[in-house]
Every structure is written in C-alpha cells, then in structure tokens.
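A single chain, nothing else alongside it, follows as structure tokens in the form predicted on its own.
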C-alpha cells in the first residue's frame, strides 16, 4: 500500500474565497467583506466550507490515480468529509499530505479511502479531508 500518495501546497487567497462564495451561493458577507469578517472575529475573510478542493487544481489527479492502480474512467467519488480544526482565512498557507487510509474490495468494486491533512505554517492541522473513491467493476 502507498503511504504518502502526494503532497500539495497553496495559499488561501481572498479572490478564490470570493469565487467559491459566489459559486456556492454562500451569502454571508464574512466571505467577501474583510470588515464584516473582522467584525465577526476573523483575522481576514474566512474560506467557505469546501475551499480546500482548490488543491485539486494544484495536483496531477491522473498521476495519483495511476499510482493507486485505479482505472480513471471507472472512478466515482463515494463521499467527502471535511473536519475543521480552525477556520481557514485569507493569508493562510497550507501544505497537504494525502495518504491512503483504507483500500478494500467489496462486491466487485474497490473502495479507496484517502485522508489529507492540511497543515498551516505553524505546523498545526487546520483541516482534514477524508474521501472515498469507488472503482466500479469492469463490464
């Protein structure tokens, strides 16, 4: 089994937070207005709940799928769970390490559970993402 599947680093940017807020229709002004964010107790605009999906834009998704030996055209995402240890805010820099937490076969399908810890500059885990990929069987 592969221990560290891949790593990624990116900055949490105001512009991306604003784009996510619009795309997900997050209406709370704390995501788009720094004054509203500070009035709510944040150091800067906080990211929306699913913001770390931007890491997918910095990764070679086909490469990690190939590293796992999965057939890219038969994969579906079974679930994604985000566990926040603190809010992400504009100005944060994150480093994510993705690992395989579980890899099992059931009823002709393969279920790969991946876990990514996104660590901030202080070395603290800010958010953990747990996702399950399902490789459908061949027809």
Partner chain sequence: MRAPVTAVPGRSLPEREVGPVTQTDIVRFAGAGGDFNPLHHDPEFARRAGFPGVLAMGQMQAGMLAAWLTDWCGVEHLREYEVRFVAPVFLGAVLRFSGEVTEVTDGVAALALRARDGETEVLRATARVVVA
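Keep in mind that what you see is a predicted model, and the values were worked out from it rather than measured. Positions refer to the first chain, counted from 1.
Beyond the structure shown, there is the form predicted in complex with the partner chain, which is absent from this document and is the topic of what follows.
In the model of the complex, the partner chain stays beyond 4.5 Å of every heavy atom belonging to residue 11. Proximity of residue 56 to the partner chain in the model of the complex falls within the 4.5 Å heavy atom cutoff.
In the model of the complex, at least one heavy atom of residue 42 sits within 4.5 Å of a heavy atom of the partner chain.
Put simply, residue 82 is close to the partner chain in the model of the complex: some heavy atom of it is within 4.5 Å.
At a distance of at most 4.5 angstroms from the partner chain in the model of the complex, all three residues 47, 77 and 87 contribute at least one non-hydrogen atom. None of 33, 60, 102, 28 but one reaches within 4.5 angstroms of the partner chain in the model of the complex through a heavy atom, and that residue is 28.
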